[in-house]
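Presented below, as structure tokens, is a lone chain in the form predicted alone.
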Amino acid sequence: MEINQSKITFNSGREVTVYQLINNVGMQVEILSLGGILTKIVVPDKDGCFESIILNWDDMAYYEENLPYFNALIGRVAGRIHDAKVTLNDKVYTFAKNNNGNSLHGGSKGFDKKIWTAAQEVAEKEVVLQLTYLSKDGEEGFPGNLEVTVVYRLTNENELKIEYKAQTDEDTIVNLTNHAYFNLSGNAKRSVLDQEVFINADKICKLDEELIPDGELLSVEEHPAFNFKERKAIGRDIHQDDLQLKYGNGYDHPWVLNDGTKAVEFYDPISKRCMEIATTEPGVVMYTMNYADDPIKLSNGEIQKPHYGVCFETQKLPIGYNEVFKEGVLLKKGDTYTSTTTFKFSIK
């Protein structure tokens, strides 16, 4: 087990540390102190070929703006907040309207844009990177000084665990996740449309054309394009005539998870790589990279394209019309927010 580190300097002059976590069986995870951004997760395929299974920019400078939130920590609040406002203790708080009049992924400069303080530990069975950040009262409009800790643990069982913890000195809202773009082909050789997904969920949130929930939950039995209770290719039903798919231009929806040890399974039948996700969170947003408009080059030398990555954002449900689902993201003064998501990699 080991951690290596190096420095990169962006054009703005900001210096960022790159941390490389390596376990005893060759798996590697690379993380930036900027936004806790994952730049590599390297695991073997069926032939023992080690490749990265997340997308990565060719030019690291793109991570300073990183408008698609590539592989970054998201906060204070992941997902959308309808009309970019919320009421707490009879006071209305307003946020940046950075997505069709709504707030998205923490506002204009969320946690993905912040430099985090890092501490590292190498143990016998795991290597640990701990990131901390103090989000001050009023940052991006959110109330309360929020102390946030995010821990990345890489084990010898090829598990990457992400643990979140937050405490506030004033009632606030918190919903943290990671926005990694996965592609199990390795170095993004193929789109994810033929890669297969299982999601342990009977229902999804009904969304409108701005991807805002109204509080209604839809059965995946009645919307079979969203039924992943048996593993199927992402692309099998993505073009079905379903209004929800049209609104998202593909999948960009919260699934309401059932109880169980496995929330998601992601599998590539060609490389035989498998990723299993377990989480303490009640939901997961699967986003199938439906938009990739800017001609930006990936680390494999190719220009980014739609459906070359898929995100599994484990989180609480987003705040919709009439502040529906707000209660789930409330963090009271004196309470502690905790969340854990584990990504386990194997060959099947």
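Bear in mind the structure is a predicted one, so any value in this text is a computation, not a measurement. Numbers follow the displayed sequence, beginning with 1.
Only in words, not in the display: the form predicted in complex with a small molecule, which the text now covers.
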{"query": "Stretch in contact in the predicted bound form with the small molecule, which is absent here, among 224-232, 166-174, 257-265, 99-107 (heavy atoms within 4.5 Å)", "finding": "99-107"}
{"query": "Contact residue in the predicted bound form, chosen from Asp252, Glu196, Asp112, Glu139 - any heavy atom within 4.5 Å of the small molecule", "finding": "Asp252"}
{"query": "Of Ile204, Leu211, Leu160, Val86, the one that lies within 4.5 Å of the small molecule in the predicted bound form (heavy atoms)", "finding": "Leu211"}
{"query": "Tyr69, heavy atom within 4.5 angstroms of the small molecule in the predicted bound form", "finding": "yes"}
{"query": "Non-hydrogen atom contact Tyr287 with the small molecule in the predicted bound form at 4.5 angstroms", "finding": "yes"}
{"query": "Residue contact check: Arg153 to the small molecule in the predicted bound form, 4.5 Å heavy atom", "finding": "no"}
{"query": "Distance check, Glu30 to the small molecule in the predicted bound form, heavy atom within 4.5 Å", "finding": "no"}
